[in-house]
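Consider the single chain below, provided in structure tokens and representing the form predicted alone.
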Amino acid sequence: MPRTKGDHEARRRDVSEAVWRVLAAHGFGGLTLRAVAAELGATTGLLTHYFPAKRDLVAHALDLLAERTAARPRRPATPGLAAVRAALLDILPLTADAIASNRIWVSSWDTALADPALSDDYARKYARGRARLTDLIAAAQDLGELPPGDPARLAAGAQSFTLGLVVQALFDPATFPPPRQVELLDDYLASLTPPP
């Protein structure tokens, strides 16, 4: 019986889920055709139909990571400092899903740094994140909730602080559990706000 397009798409979804589980458990360092095949309960030969080379597997994993990050639910917030806070909270590893996603992102940095095309892509992704944060900060400044100044500079600082906190929380979750991360973020934001 010939395979249908639906069969192919269902199999591709299964493969994507297996890739995600390998990434969550082992990071990019453990992402191999053999590991994904074992997770899927299939042969590496089947996987080479989808990913002829390791580079194709890595590219798919990065696309999958970007898709899942974009589809992740975001905290609702009114414009102003609350929206800045919500956007930064959405980055932090505060839930099991956010921990898994952040582990994968951080483990992907080495892979991206070793490949100029991926490195450029990551630089663009982080620049887009700073641009969105810049807009949120500018709105908070317009409302008087943040002091005047260059919103892009504040966005760069906030992004850098938050990504640094992500790394610390991943390496030392006992010292940086979710409530502590939120407390540190709130302390950071309070340091930016003008005195009453």
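For every residue, the number given is its place in the sequence shown, counted from 1. Bear in mind that the values here come from a model prediction, so they are computed numbers and not experimental data.
Not on display, but discussed next: the form predicted together with a further copy of the same chain.
Interface residue remark: E183 is counted as part of the site for a further copy of the same chain in the predicted bound form, having a heavy atom within 4.5 Å. Although the partner is absent here, S119 sits close enough that one of its heavy atoms falls within 4.5 Å of a further copy of the same chain in the predicted bound form. Using a 4.5 angstroms threshold between heavy atoms, A82 stays clear of a further copy of the same chain in the predicted bound form.
Contact check for A77: no non-hydrogen atom falls within 4.5 Å of a further copy of the same chain in the predicted bound form.
Between the options T44, T69, S160, T32, the residue in contact with a further copy of the same chain in the predicted bound form by a heavy atom within 4.5 angstroms is S160. Looking at a further copy of the same chain in the predicted bound form, residues F51, D56 and A96 place no heavy atom within 4.5 Å of it. Between 139 to 147, 56 to 64, 33 to 41, 123 to 131, the stretch whose residues reach within 4.5 angstroms of a further copy of the same chain in the predicted bound form through a non-hydrogen atom is 123 to 131.
Residues are counted as partner-facing when one of their heavy atoms sits within 4.5 Å of a further copy of the same chain in the predicted bound form; in 128 to 157 these are R130, A152, R153, A156, G157, in sequence order.
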